[in-house]
Ligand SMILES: Cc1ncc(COP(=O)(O)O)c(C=O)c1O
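Just one chain follows, in the form predicted alone, and it is written as structure tokens.
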Amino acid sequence: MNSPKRIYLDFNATAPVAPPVMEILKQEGWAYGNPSSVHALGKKARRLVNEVREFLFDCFGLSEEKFNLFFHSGATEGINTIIKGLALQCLKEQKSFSFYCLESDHSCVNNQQEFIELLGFSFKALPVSRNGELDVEAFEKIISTDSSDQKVLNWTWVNNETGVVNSLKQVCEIKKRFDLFVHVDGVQAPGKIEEWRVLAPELDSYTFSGHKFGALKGSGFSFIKENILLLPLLNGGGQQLGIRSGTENTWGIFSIKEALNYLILNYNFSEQSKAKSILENKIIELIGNRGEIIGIANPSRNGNTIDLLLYGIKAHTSAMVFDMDGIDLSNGSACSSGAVIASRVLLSMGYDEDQAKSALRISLSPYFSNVEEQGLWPNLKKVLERLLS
């Protein structure tokens, strides 16, 4: 997955296009018709879309009788469709609504606050521990006093910065105790945890993004229980049961199937996580007391993410050094108009602003192995020694 001259370690941001997807793009005469058209090419495109739908239900073990599935442009659109759609449905029905998420959730979740409060509803971002864990007891105290008609919890399965895994079993237990709608942000699960295909059917909705596992950018999909009403984010021709109007992205949709098939056949969580642990231990030994790995004390972490904090070295500086040495990784904070912004995720975990501006995220391929680790380490070591000297 690496080019001859560069080493790519930013798989949580986006994955290279999977080999079978590249092969599809080279083919001639591929179905380019509108899936809503009644002519032969339109019907062929519709058959392909339906094949992918059947594949996804089978892949994730969900029932077509209990869940609807809709395709979209990716996680940001999918999550906005579900959260805003549920809130607007409550507004339409003159019902009360409250929304809960973790402070460490993705920005497309946390940034729902203005919209939800504009509708006159309640938004609550829940604090997490130094290891990225939700204080379940504190949350249950809050929600036990919530009398809203509709209570929605966003549950991030795998955190995109730290790799901390929030188990579905845990949120299922929470749902049993309270009358909650639970949406699962599953974006960072495929190719990063062993149980990425094991969805809990008792939860209400799931969202995935294609480019995170090798499908084309601009493609994603969400499952949502078939009895759930929501107002659509996009109005138009009523495609996809009216949940998401607009012509389906046939190429993107078909790339989802090919990329997931490739992942199923080639992903080895045990090999990935062992190789990551070896790499992580070498980093810890090298940096000593001059840094730390975020969330390392949490027993539930994924197989590909190392969130490295180097004390006193701003991430934009260290990321630039790695970049100049041919290594692509991500600084844990976001950049806007040239100004470095502290990582909201690290701030939510109790790190101070300087520390939250100093984290580097190394996110490895689903196919990372001991062989790759042995080839990668000398390059990482050389840059780390330079930064720490």
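Just count from 1 along the sequence shown to find any residue number. Everything numeric in this text was worked out from a predicted model, so none of it was measured.
One more form of this protein exists, namely the form predicted in complex with the ligand; it is left out here, but the text below deals with it.
J.: So, residue 215 and the ligand: in the predicted complex, are they within 4.5 Å at any heavy atom pair?
T.: Residue-level check for residue 215: no, no contact with the ligand.
J.: Taking any heavy atom pair closer than or equal to 4.5 Å as contact, tell me whether residue 209 reaches the ligand in the predicted complex.
T.: Looking in the predicted complex, residue contacts with the ligand include residue 209, since a heavy atom lies within 4.5 Å.
J.: Just checking whether residue 76 would be counted as a contact of the ligand in the predicted complex - the rule being heavy atoms within 4.5 angstroms.
T.: Within the cut-off, so yes.
J.: If we define contact as a non-hydrogen atom of the residue within 4.5 angstroms of the partner, is residue 158 a contact of the ligand in the predicted complex?
T.: Close contact exists here: in the predicted complex, residue 158 approaches the ligand to within 4.5 Å, heavy atoms only.
J.: Which is the contacting stretch out of 166 to 174, 85 to 93, 187 to 195, 263 to 271, given heavy atoms within 4.5 Å of the ligand in the predicted complex?
T.: So the stretch in question is 187 to 195.
J.: Just give me the single entry in 106, 276, 257, 244 that has a non-hydrogen atom within 4.5 angstroms of the ligand in the predicted complex.
T.: Residue within 4.5 Å of the partner: 106.
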